[in-house]
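Taking the form predicted on its own, here's one chain by itself in structure tokens.
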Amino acid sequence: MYDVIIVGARISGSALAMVLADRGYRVLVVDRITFPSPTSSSTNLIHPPGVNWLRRWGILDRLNEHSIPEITHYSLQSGPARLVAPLPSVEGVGYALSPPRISLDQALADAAVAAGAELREGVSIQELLTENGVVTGVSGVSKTSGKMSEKATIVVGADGKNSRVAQLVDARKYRDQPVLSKSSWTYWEGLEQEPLVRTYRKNRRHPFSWPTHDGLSIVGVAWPTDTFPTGDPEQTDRSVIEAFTDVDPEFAERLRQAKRGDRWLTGSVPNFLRTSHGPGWALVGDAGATRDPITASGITHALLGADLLADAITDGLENRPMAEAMAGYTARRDRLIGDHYDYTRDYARVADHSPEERALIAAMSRSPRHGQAMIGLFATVVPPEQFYTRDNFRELFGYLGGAGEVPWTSRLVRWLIEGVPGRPAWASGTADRLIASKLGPMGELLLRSPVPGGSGRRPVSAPTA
């Protein structure tokens, strides 16, 4: 009998197996694939919190055969407003990476085995074993040895958005939303390898690019689902370069001078959170939470979620009933990803920024603290609840440009914050509500934040090394 059986051996499954096996637990990992196995569903970007775990676990050393440049800055351009800022650091890691996914999956699986986990490849799980309503193991078919059946204290589904484990336990979806955006992306050869993630927003298109590995760059565009263009590869070439020409003609010319190095891939996923535990089972990674790839948070949250679940399973095996430990895991998982999940869904609408939003982006470009915190928000370093506060945005309005650059509504808000004699509470409260009305679901976070002058959080400062 095993302590833990993990179904799914990619990012979250192998990371979880590695940590638990390293702690001395008997761990079995099964997957229907055989490594190395490519996946076309990921643009590979890993934000600093995820890179930090890979560094701590020694996974980066297993990727040394590749040249993987450190990405130190992210940018957002919307119309004339352009924000470029350095990434906040997490335990000294102030950079993102974009390694080849096939090598990352292999490195994590190898690390799990090296830690003592047992990996069985080519195994398809068909049923879960149960006793008195509690999951006690798995049964399935191995490509090499036929039928198999194993038992464990807990079974974990780490088998992606179409999780077989989630289906078998009938895990409920909540806060779900269908596909919001679709993207075309590929690898480009011959582009200068700047340490920069480029993102843009104009005409309901979201072009993006960054250096990945071995001299390659990822280049792509996301569209709302209702405007996603279809066509052959040459038509996609034209659509993507046209989108870049609209926002950054100089970079578009670089694309024309270089060349596409691979076939076009299409990314589109639904958005949902799933109930992440039940009697004898738990879910991690995309099995428990899937969101639009537009913020590239999937791999990072999969790694952080694996660490959370490893601690919870350890707690359940050592200290208290597993059900209590898993309830704690669910609460921490939802705190980790919940607000960023809403932020991602809002971002994935690929709506053009309003003049008020562009004025705020320009203001962030004038305030290094706000600019880095905004980049940190996108990169999963700064929690949304720490960024979207009354204090933070009232201060940000002090960095707005001159009257000719700023819409009258933004000037009104600035006057309510700074110009009303005596700065009465009604004026700043009205300003808060006007700001929140332009922030979509994130406006609710702002209105829930403490009122300045009372007790509560200070405005966010981006973490530093």
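Given the structure is predicted, the values throughout are model-derived calculations rather than measurements. Just count from 1 along the sequence shown to find any residue number.
The same protein has a further form, the form predicted in complex with a small molecule, not shown here; the description that follows concerns it.
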Okay, which stretch from 24-32, 52-60, 408-416, 425-433 lines the small molecule in the model of the complex, with non-hydrogen atoms inside 4.5 Å? 24-32
Close approach of G267 to the small molecule in the model of the complex, 4.5 Å, heavy atom: yes
For W185, is any heavy atom within 4.5 Å of the small molecule in the model of the complex, or not? yes
Taking heavy atoms and a 4.5 Å cut-off, does L45 contact the small molecule in the model of the complex? yes
Using 4.5 Å between non-hydrogen atoms, is G298 touching the small molecule in the model of the complex? yes
Answer key, the small molecule contact in the model of the complex at 4.5 Å (heavy atoms) among G280, P211, G160, G371: the residue is G160
Can you pick out, from P88, P293, G316, G137, the residue that has a heavy atom within 4.5 Å of the small molecule in the model of the complex? P293
